[in-house]
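Only one chain is shown below, in structure tokens, and it's the form predicted on its own.
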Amino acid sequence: MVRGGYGLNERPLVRILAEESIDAFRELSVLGVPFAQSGGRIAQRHLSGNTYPRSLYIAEGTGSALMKALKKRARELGVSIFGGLRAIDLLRDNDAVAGALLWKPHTATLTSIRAGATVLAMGGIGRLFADSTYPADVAADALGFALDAGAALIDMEFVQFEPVVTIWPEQCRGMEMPTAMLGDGAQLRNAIGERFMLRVNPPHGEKHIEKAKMALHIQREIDEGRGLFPGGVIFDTTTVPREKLESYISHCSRLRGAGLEPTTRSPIVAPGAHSVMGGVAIDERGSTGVPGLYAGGESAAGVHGASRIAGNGCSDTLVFGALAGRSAARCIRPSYCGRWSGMEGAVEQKLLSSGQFPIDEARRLKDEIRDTVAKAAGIWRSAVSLEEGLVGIGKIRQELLDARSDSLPSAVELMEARRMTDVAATVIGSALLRTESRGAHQRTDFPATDELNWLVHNEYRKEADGRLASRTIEVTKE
């Protein structure tokens, strides 16, 4: 992990992930998660950037199977689950977090969840980029909530671009082709039919290379004119043995549903914004340093360093989600008794105000934010694009600060857009500050890695006046 993260990983967190992944697997097995088997043993896939096959999976869909088992266990334990609600802000008691305010979309219903401990597990930057693999309802809220609550964000410049995101057939656009399939025999080819990964990564080709480097090589093929319309390379599924190909049930089903038979024809793929190595800084307990607030999964940062190796996303979610949950359960703060109405009123006052700001205008500005971030901090960065991006985000932010909502849905969109500008500024600002190339952060004007000056984290916090302040902090190596 440390090699794959270019030395920026927080070592205590790496140790936790390495050791507690085993416990997570055992716990999930007891809950009945049907991990794939081969020859009477648990099957393991060989993902990009890994020396050995080590990734467990469920052929019908790993994420959905995990969620099904965990939801079933939650119901058995009597956990209250509130479906169809959207978190719109945290409840604050001075410097502590005391729960969250939720909204039921398309209604005027607000629900206050009062909590002695709160865990942020809402994903990372989400749809902060114009073209992203994220679900449409994830828009960097967790990171914006954390900033507003007084927590720090670190490593926000390290945005990983998934190397093989489907762009054709159109019906499958945005679907990630599994890098595990490359380990099973799929190949990448450019417009002239060349298996170009053998040229750039001999003798392994598509194997033994991390995602960040693979994405850069694919983008270079496209930029230098060796891509196919509409701007990608061939993900050759026809070279995968039939029995292995059919084990990717959901991918084969979607491709066939779009009229493409993967045993005889291949999709076209290109890099797409996928995940962020940065996020809320946490300690070994999953604490953000803000009383009552914890974070896990992609909302949290520090374990992956400058690049996340394939297969560690799900492990991160399971291990640090459990870690944050255990810590939150042990450290529940006392009841706030008569102070609830004041905390809830403060959020509602921020949410509802007079004036006119149509919801379509808020959505237009969110699209502008995404376009600005994509142009400024895409897979290749430079001082020129980053400085222009900061200016652009600043203008949008001022327009949002001056705006007032005219309805509850508009107010929610407005608050979300404001948080997006804050998080976008940390992504672009961190990328501008880091005058080197490392992992998922690549500067065309600073192509070398600078071990002397940049083996540090960029940290952002929000000041009392709303300004974002940055500094560098050392990496914990013990």
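A residue's number is simply how far along the shown sequence it sits, counting from 1. The model shown is predicted, which means the values in this text are computed figures rather than measured ones.
Another form, the form predicted together with a small molecule, is not on view; read the next lines as being about it.
Between the small molecule and the residues V138, A74, A322, A374, the one pair within 4.5 Å by heavy atoms in the model of the complex involves V138. Checked against the small molecule in the model of the complex, the residues W168, F196, Y248, Y134 give one hit for a heavy atom within 4.5 Å, which is Y134. Contact with the small molecule in the model of the complex, defined as a heavy atom within 4.5 Å, is made by all three of A121, E176 and E298.
Stretch 304-312 is the answer when you ask which of 391-399, 304-312, 187-195, 216-224 has residues with heavy atoms within 4.5 Å of the small molecule in the model of the complex. The closest heavy atom approach of K366 to the small molecule in the model of the complex falls outside 4.5 Å.
At the 4.5 Å threshold, heavy atoms of K207 stay clear of the small molecule in the model of the complex, well away from it.
A residue is said to contact a partner when one of its heavy atoms sits within 4.5 Å of a partner heavy atom; S266 fails this definition for the small molecule in the model of the complex, lying far away.
The closest heavy atom approach of R370 to the small molecule in the model of the complex falls outside 4.5 Å.
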